[in-house]
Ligand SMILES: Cc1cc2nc3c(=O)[nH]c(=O)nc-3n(C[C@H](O)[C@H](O)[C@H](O)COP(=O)(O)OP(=O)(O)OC[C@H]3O[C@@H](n4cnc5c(N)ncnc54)[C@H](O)[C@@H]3O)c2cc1C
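Read the single chain below, which is given as structure tokens and is the form predicted alone.
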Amino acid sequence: MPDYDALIVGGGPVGAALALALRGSGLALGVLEARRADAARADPRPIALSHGSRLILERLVVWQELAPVTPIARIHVSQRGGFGRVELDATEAGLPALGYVLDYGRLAAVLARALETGFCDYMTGATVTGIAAEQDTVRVRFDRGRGGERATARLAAIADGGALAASTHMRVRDYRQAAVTARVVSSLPHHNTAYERFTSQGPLALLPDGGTLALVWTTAPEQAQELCAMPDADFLDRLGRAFGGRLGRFTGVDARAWFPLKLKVASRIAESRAIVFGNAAQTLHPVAGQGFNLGLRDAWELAGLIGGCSREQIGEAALLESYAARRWLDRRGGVWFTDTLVRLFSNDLAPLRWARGLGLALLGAVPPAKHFVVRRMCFGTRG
């Protein structure tokens, strides 16, 4: 008998969501997390949860623990130096909010505490060193600093984007961009409006976060380093010139950081008693905030398949193929949507700028088109 029915590699929010979705199933579950228990909890980066993700987190009985979160009532999309804009509104869409903003660290902390309640073996500081499929099981080798250990399972579910099994069939595109994240204060209130402003170097997003704004500013890597190193006043002046005056003046900034941006897509997500999902299956550009929400839908779908089959069927080819088929359209749609936005809007060619403006204006003038976009952003391709 294997040690586990399902062994989850990666105990971040997406891996934790899979484990929590299987809580109460009677299955033997293990979770291997490379970072120490408190490492992810100190991560101040903002994350935007879609309304669909809220529904999943409510079903996992963790949503209430995430408070306070800031609802996004409206999304304002525009381009710098060109005409055309569109506003998406939660009330028009019949939703309580289009999304919700909180710290990644708080999300990780809440889900990690849920893993510590004893329904699974939650092992932190566990670096995976090998994954090998056998006839009826998969063997996972890992190291927690006290000599090599190993465990067997019917299925290895890999959510850690750095796990070795996920790198074999990974397609990578370097956007040659970086994202600067920070929290900023503006002289005018945000009224729970999120802004996505496209510039010649990439999108600039400002998300309502309590009384402040969470910034995700895409730019060239060398400029990202410069922006993080310059004095606060110079940074705020540069931000004001890039964003414009809709929020008045920017008067304060905190927690600046930057990271490079790459598209990573696994060409095969299921083989030999192993499945990759979440960041191990696809790492997206942060434009439109789709990456984590897509990963959470991965976890929910996988849990439904595992929970709906017999113990002996877990990890078999039929389950793996079913999961890959069910997730194909949503994954493909998420990758196409974000990659297309980056390619179309990260330049300053006059014909494209005019065409983008016309497209934004037409989208804003056609309510069914806006409704279609909102549903896909909130619920994926099945929305």
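Numbering starts at 1 and follows the sequence shown. As the structure is a computational prediction, the values presented were derived from the model and not from experiment.
The discussion below concerns the form predicted in complex with the ligand, not included here.
Partner absent here, but in the predicted bound form, which of 192-200, 233-241, 275-283, 301-309 has residues with a heavy atom within 4.5 Å of the ligand?
Heavy atoms within 4.5 Å of the ligand in the predicted bound form occur in 275-283.
Which of these residues, Ile269, Ala224, Val216, Val138, gets a heavy atom within 4.5 Å of the ligand in the predicted bound form?
Only one listed residue qualifies here, and that residue is Val216.
If the cut-off is 4.5 angstroms on heavy atoms, which of these, Gln177, Asn293, Ser186, Gln79, is the one near the ligand in the predicted bound form?
The residue in contact is Asn293.
Contact check in the predicted bound form: Gly30, Phe119 and Glu316 versus the ligand, with a cutoff of 4.5 Å between any heavy atoms. Do all three pass?
Verified in the predicted bound form; spot residues all out of contact, no.
Report yes if any heavy atom of Val128 sits within 4.5 Å of a heavy atom of the ligand in the predicted bound form; otherwise report no.
Val128 belongs to the contact set for the ligand.
Residue-level contact is defined here as any heavy atom of the residue lying within 4.5 Å of the ligand in the predicted bound form; does Val14 satisfy this criterion?
Yes, contact at 4.5 Å.
Even though the ligand is not shown here, does Pro208 get within 4.5 Å of it in the predicted bound form, heavy atoms only?
Judged by the heavy-atom cut-off of 4.5 Å, Pro208 is well away from the ligand in the predicted bound form.
Does any part of Val9 reach within 4.5 Å of the ligand in the predicted bound form? Heavy atoms only, please.
Judged by the heavy-atom cut-off of 4.5 Å, Val9 is in contact with the ligand in the predicted bound form.
Give, in sequence order, every residue of 43-62 that has a heavy atom within 4.5 Å of the ligand in the predicted bound form, or say none if there are no such residues.
Counting only heavy atoms within 4.5 Å of the ligand in the predicted bound form, the contacting residues of 43-62 are Arg45, Pro46, Ile47, Ala48.
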